[in-house]
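Presented below, as structure tokens, is a lone chain in the form predicted alone.
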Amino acid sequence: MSSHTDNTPESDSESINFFDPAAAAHPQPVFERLRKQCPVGNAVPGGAVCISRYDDVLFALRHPEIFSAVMPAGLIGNVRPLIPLHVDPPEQVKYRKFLDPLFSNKNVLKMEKDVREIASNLVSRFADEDGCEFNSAFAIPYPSTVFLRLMGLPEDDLEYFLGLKNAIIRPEADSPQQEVKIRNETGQEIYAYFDKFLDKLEKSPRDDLLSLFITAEVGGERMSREEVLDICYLFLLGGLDTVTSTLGCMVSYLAQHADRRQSLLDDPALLESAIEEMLRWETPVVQVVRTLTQDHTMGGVELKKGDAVTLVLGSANTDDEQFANAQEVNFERTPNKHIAFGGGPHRCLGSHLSRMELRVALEEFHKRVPEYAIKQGETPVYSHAIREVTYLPLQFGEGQK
């Protein structure tokens, strides 16, 4: 039995670099190497402990009493744990009991008409052109507009919100120290914005989520201003980033695989299962972090209390031990027990909303733009960690197959 520091690739030439742009664009071979060379341990000498096999990752997600989601404040500019993401059961349960029904499939489907109108209006702006840069034309404004309307935030402030989100998730910095500084300053700005906005809503409440948060009771007590702010902070990051990232990855895949795209045009009933398969294959939220609350042995490796570990969801979702022909994309795969939305008590709160937004987006886009490909001479640009296609130039038309 070994400690986690012993379980690393044997040479620098075998080191696994998650930050390589090529790995961000095509991470599946990197995941395969990780599972084979270092299923539990340091993928890079001196780096975090990675857990990469499906069964191990799912076990960790389902056992927060061992693998805690509680993170130190300040990692992403926050001064307190973000609710409910950084709170473990049993405390977390009261927040999920309040929030889960708001994002139930039943409630989400009530929003579909308005969401479809947003998608259709955006597509109409570029559908008759020769192409578009999909990220800026659709993948960013579409889910962002849905989120702002749901929360009751002013749509005119979208660029400002996107700037805040990017400064937290992808700060443009020359050093780790500068990244921390940017995140801390941005975090204070986020708190200040919502604090001022909530003051206005207390005087004039409306029919939106933020107004509901102000008066809601959780666990029999009204939430404090700090609790509401911590939920708002999390929602801003999640609401403005994850669907954008997921949609961009999916459209990039379909643009590069004309046969798969054509299968959806030929049989629209395939779309929902295709979305699940692309969630598995692309997995935009590549990894999540947990902290050991006690010593634990996994895969013959001794993990120590206090160790920070990275659960590599992207690797788990391409594990041949769990998925038959895992390295092939199969739009008819069943069952498809991917964990792109995580698992256990911290499973993504907005999974139903995300699925509906993705389905509506692809339906409306394909209705007006059935044929598209990557613009000739161009290459999509992917970010790492949370995989977003930051630059996705498309050409429209049947001739671009």
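Quantities reported herein were computed from a predicted structural model and do not represent experimental measurements. Counting begins at 1, following the sequence as shown.
Just so it is clear, the following notes concern the form predicted in complex with ligand HEM, a form of the same protein that is not shown.
Only one segment in the set 31-39, 349-357, 367-375, 47-55 has any non-hydrogen atom within 4.5 angstroms of ligand HEM in the model of the complex, and it is 349-357. Taking the partner from the other structure, ligand HEM in the model of the complex has a heavy atom within 4.5 Å of a heavy atom of Arg96.
Proximity of Arg280 to ligand HEM in the model of the complex: non-hydrogen atoms within 4.5 Å are absent; the residue sits far from the partner. Within this chain, Ala361 is remote from the site of ligand HEM in the model of the complex, having no heavy atom within 4.5 Å. Proximity of Phe235 to ligand HEM in the model of the complex falls within the 4.5 Å heavy atom cutoff. Listed residues Gly248, Gly239, Gly314, Gly77 were compared with ligand HEM in the model of the complex; Gly239 is the one with a heavy atom within 4.5 Å. Site residues Ala119, Ser124 and Leu271 are none of them in contact with ligand HEM in the model of the complex, judged by any heavy atom within 4.5 Å. Applying a 4.5 Å heavy atom cutoff to ligand HEM in the model of the complex picks out Val285, Val288, Arg290, Leu313 from 284-319, in order along the sequence.
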